[in-house]
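Below you will find one chain, with nothing else, as structure tokens; this is the form predicted on its own, and questions on how it binds or moves follow later.
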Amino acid sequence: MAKGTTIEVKNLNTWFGRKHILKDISCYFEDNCVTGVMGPSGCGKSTWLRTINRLNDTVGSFRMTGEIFIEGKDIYAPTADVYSLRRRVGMVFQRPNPFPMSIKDNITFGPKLHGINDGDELDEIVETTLKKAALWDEVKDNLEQPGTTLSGGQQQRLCIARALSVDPPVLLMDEPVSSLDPLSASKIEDLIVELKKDYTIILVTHNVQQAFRVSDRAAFLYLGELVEFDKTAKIAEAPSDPRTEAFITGRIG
């Protein structure tokens, strides 16, 4: 079973072409903790998340300076193995994106890619991860059903289970409930709180109340700058920067 892991960001700057997106960000993500990264649309939240599993590398105009360490290892070092990194850092996107295959095959796709082919072991992974994603009881009798036929909330939980299937210690979540109905969103929020026992979770959200509900620590990002990073309760009760207060009270955003 995965256990959470620490992430350190040092003097991170990113650009797409000439546009400077993230500006000299330094912080530390604690293990077995939910960190809510909040801020208005376009402030760089998703770009920041994607630097942690190097998804931005696929964009030709992207460049960065600074360092990101996971368990003390620089993930942008010339010798860093991106394939291994993405196994250790799971990702859940804004909209559910199950593969066009069965529920079972959605879960076993990653483990098979990493060399696991034993049927009993794969069956155990399917059951374990679907239980972690609070989906097992709803789909256990229909594992051959296409994942795309599930409801939106179920599809997102399937995507969470798929991300967990290769046992990553880190889980990145980019506004995972923004396209869901309130009941489905509430289930995902409850799941996030439960999962932090075994994972380090970074949750990007523009929803202040969601960040306050599920996160232990919170970061406020504004115009590419890390304005504030502290315990969520501290930011909720007494933000240290007037821009943070303006955001959480709805005056900017």
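One rule holds for the numbers: they count along the sequence shown, beginning at 1. A quick note: this is a predicted structure, and the numbers were derived from the prediction, not measured.
Absent from the display: the form predicted together with a small molecule. The rest refers to it.
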Exactly one of R213, K187, H206, K196 comes within 4.5 Å of the small molecule in the predicted complex through a heavy atom, and that residue is H206
Counting non-hydrogen atoms within 4.5 angstroms of the small molecule in the predicted complex, say which of N142, S84, S151, Q94 makes the cut.
Q94
Looking at heavy atoms inside 4.5 Å, which stretch does the small molecule contact in the predicted complex, given the options 187 to 195, 42 to 50, 24 to 32, 63 to 71?
42 to 50
Even though the small molecule is not shown here, does E175 get within 4.5 Å of it in the predicted complex, heavy atoms only?
yes
